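Presented as structure tokens, the chain that follows is alone, the form predicted on its own.
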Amino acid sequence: MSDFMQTFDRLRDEKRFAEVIAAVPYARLMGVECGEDANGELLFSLPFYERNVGNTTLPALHGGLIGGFLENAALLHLMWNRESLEAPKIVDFSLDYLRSGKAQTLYAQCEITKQGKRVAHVLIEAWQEDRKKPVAVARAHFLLSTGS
């Protein structure tokens, strides 16, 4: 088990969300935030920063930023909900953009739809003002163990 995963395990047990995000360089760079919703489920947010605009005419969030946010949310959600202290490895990520991401906070929640001994499948949904109007949805597959 890596030092990172030991640290992650301790921070997760203590629900130190900000420190979990700070330990993941790309999530930290994007400005990702994490907490729990009213039901105790993980809720990820990406506050609006001017640097995250890809289309200045609309303005709209950069599509790559949305994809990176959703991929990080899926990875963190899976790590948060697993007992294993092995870091999962992304195998496949598929993203559907449904609406332009406005120049405002973006939210995401994940659902682990299958978790076996070797592979996990995670659904991710991102929205802004109304969860019923998602900006993007994604599917991610992770390798959980190499068997070695």
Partner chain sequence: MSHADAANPEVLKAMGELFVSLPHCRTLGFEYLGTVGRKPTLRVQWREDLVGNPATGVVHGGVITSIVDTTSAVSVAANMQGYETIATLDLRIDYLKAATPGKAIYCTAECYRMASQIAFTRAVCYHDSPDDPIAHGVATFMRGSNPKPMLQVEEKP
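Since we're looking at a predicted model, the values are computed, not measured. Residue numbers count along the first chain shown, from 1.
Beyond what is shown, the protein has a form predicted together with the partner chain; the following relates to that form.
With a 4.5 Å cutoff on heavy atoms, residue 62 counts as touching the partner chain in the predicted complex. Interface membership of residue 84, defined by any non-hydrogen atom within 4.5 Å of the partner chain in the predicted complex, is ruled out. Shown alone here, residue 24 lies within 4.5 Å of the partner chain in the predicted complex, counting heavy atoms only. At the 4.5 Å threshold, heavy atoms of residue 43 stay clear of the partner chain in the predicted complex, well away from it. Heavy atoms within 4.5 Å of the partner chain in the predicted complex map, among the stretches 89 to 97, 34 to 42, 103 to 111, 117 to 125, onto 89 to 97 alone. In sequence order, 24, 25, 26, 28, 29, 50, 51, 52, 53, 54, 55 are the residues of 24 to 55 having a heavy atom within 4.5 Å of the partner chain in the predicted complex; the partner itself is omitted from this view.
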